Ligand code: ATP
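Only one chain is included here, represented as structure tokens and corresponding to the form predicted alone.
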């Protein structure tokens, strides 16, 4: 509100826009707030001390309040023939810093339900695309010709799937049909940008529905090609079941406000490809642990060409894989060493999932479950014994 009213006080138009307006109208709590204005980026920065301009394709301002950032964007204008040098042969926009008015800005947005503007001057909703009708009907509709809009930015296909599943909306027919024919355009998107989109896809609280939709629209194969190839080769339904169970578990953890790491999800999503490669290397008589480590390195490397995986996630992902054979070692010392590993809990949860789809003997999981309970009891006894020893030392020191 401070940003909106300051812009207004300085003579600029300012509106709350996008997902925050949509979510408030749906009775949901927005995660972030975007503002649209006729002020230019440099003019915005001149009004706010903690302001930073970011972006190349879209030049916009971030205004910081503590750790929170309010995104302020200048109204975008209509396409211009002078901008053709900033568009690829496939139609993807590389630069889009043509400024315009609010109506032009509305028509440049992706979906009708994201093109709703809240006007602080009279507390009204400004709607140029009939977005309120779609909002009430639960329909996600692209603004303009779907094929053109997807070609401008293929990530819109992923965004359509994510929003539809998150909001429980239906993608309108024309927008949905275009996804099924243009999925290969995702191959032109940078690996780093796709990683951020994948995080949003699976960590928005509707991972199970999103994963199913990605498969139905034929997009999953462009995000995880090696996984799809491995499952097609093995024809094992348990691989998809493993992924589905992981997605349902992720949604449940998010509902319970428990932490979720992309490393675990990626370990599950790429596991079919790792297994396939391990099998091939075992035929070459490579030792099991070595075969698993080599397969993990190859799969992680190939996947990073499609979706870049930062080291803070790729390292724990590979550790989860490496630890799986160690669960077969149930000797006392081996078990204690494994339970003290920083990735033990994630690796154990992975083992549990594998057991649920028939990859691992349930008795092995039961043994490790009991071992953890026994280890916790042992740790409590050791802690109590240490406290007693410290108490005796203090007692002796008083005489």
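Positions refer to the first chain, counted from 1. These figures come from a predicted structure and were not determined experimentally.
The form predicted in complex with the named molecule exists for this protein as well; it is not shown, and the discussion that follows is about that form.
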For this session: May I ask you to choose, among 31, 333, 340, 52, the residue with a heavy atom within 4.5 Å of the named molecule in the predicted bound form?
Result: 31
Problem set entry | in the predicted bound form, the one of 156, 318, 275, 141 near the named molecule [non-hydrogen atom within 4.5 angstroms] | 156
Exercise. Does the named molecule come within 4.5 Å of any heavy atom of residue 166 in the predicted bound form?
Worked result: yes
Problem set entry | residue 23, heavy atom within 4.5 angstroms of the named molecule in the predicted bound form | yes
Exercise. Are any of the heavy atoms in residue 239 no more than 4.5 Å from a heavy atom of the named molecule in the predicted bound form?
Worked result: no
For this session: Report yes if any heavy atom of residue 251 sits within 4.5 Å of a heavy atom of the named molecule in the predicted bound form; otherwise report no.
Result: no
Exercise. Counting only heavy atoms and a 4.5 Å cutoff, which of 366-374, 340-348, 32-40, 60-68 contacts the named molecule in the predicted bound form?
Worked result: 32-40
Exercise. For 183-216: residues with a non-hydrogen atom within 4.5 angstroms of the named molecule in the predicted bound form?
Worked result: 193, 200
